[in-house]
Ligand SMILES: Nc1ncnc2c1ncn2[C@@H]1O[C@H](COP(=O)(O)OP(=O)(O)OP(=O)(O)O)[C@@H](O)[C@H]1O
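Single chain ahead, written as structure tokens, the form predicted alone.
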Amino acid sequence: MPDLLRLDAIHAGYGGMPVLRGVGFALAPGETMAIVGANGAGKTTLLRAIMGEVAISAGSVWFAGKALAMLPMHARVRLGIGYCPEGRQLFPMMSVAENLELGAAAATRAERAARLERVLTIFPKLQRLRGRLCGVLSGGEQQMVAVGRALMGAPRLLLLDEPSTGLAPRVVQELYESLRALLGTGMAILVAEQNARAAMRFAAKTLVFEDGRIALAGASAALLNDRRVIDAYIGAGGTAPAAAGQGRI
């Protein structure tokens, strides 16, 4: 199957300071991948480089056979890349429905309504909250809105940056269970997480980042039982059921 996303030895950073150093991998339609590592390993920078928020100094990023180097962020969204940034970045004085609809601003009214109903099916808790201001929601509810807003663009690739930050374990589990509804739809999902266990239970394959490079790569089910990963990122009790689906690095 042709790659949906491909990175060829990219280098990127901030103000001349390198963060990513020669990162390369590919993701096919329908595949799920977790990016795990310590703070400062380059996880967020990777997603920002894919979206065009951070300039790439070397290498290339391809999406659906198209080089992204010269495309601004909004053009990448229109190509089919959905992005849920760290920190949610919602409009607190707007309702749940209004925040969600912003993710489909370029769609027709009928398309927007259909997408909204689909998102509310994926996150049924938001159905009763659709008229409530986002500023009064819990952290977990806000995260569902943030993910839902990215889905409103009908993406072929969904990028999630630290979706479990600040959430209780039960809420994290609930969020990822909702995301499982997207598996099998053909959408590819790339999730960057410091919560390695949660991300690796969800994604079929994993890249472990250290100092801006890929230190380990493989099936999540295998890496969840790799002593190096357990000791560095998961801790005691790191074994877990096999992740859903299969992938290739």
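Counting begins at 1, following the sequence as shown. In this text, all values refer to a predicted model and were calculated from it rather than measured experimentally.
Here the subject shifts to the form predicted in complex with the ligand, a form of this protein not shown in this document.
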Interface segment, criterion being heavy atoms within 4.5 Å of the ligand in the model of the complex, picked from 37-45, 61-69, 218-226, 178-186: 37-45
Heavy atom within 4.5 Å of the ligand in the model of the complex - residue from Glu86, Glu98, Glu141, Glu174: Glu86
Distance check, Val19 to the ligand in the model of the complex, heavy atom within 4.5 Å: yes
In the model of the complex, residues of 150-182 near the ligand [heavy atom within 4.5 Å]: Glu162
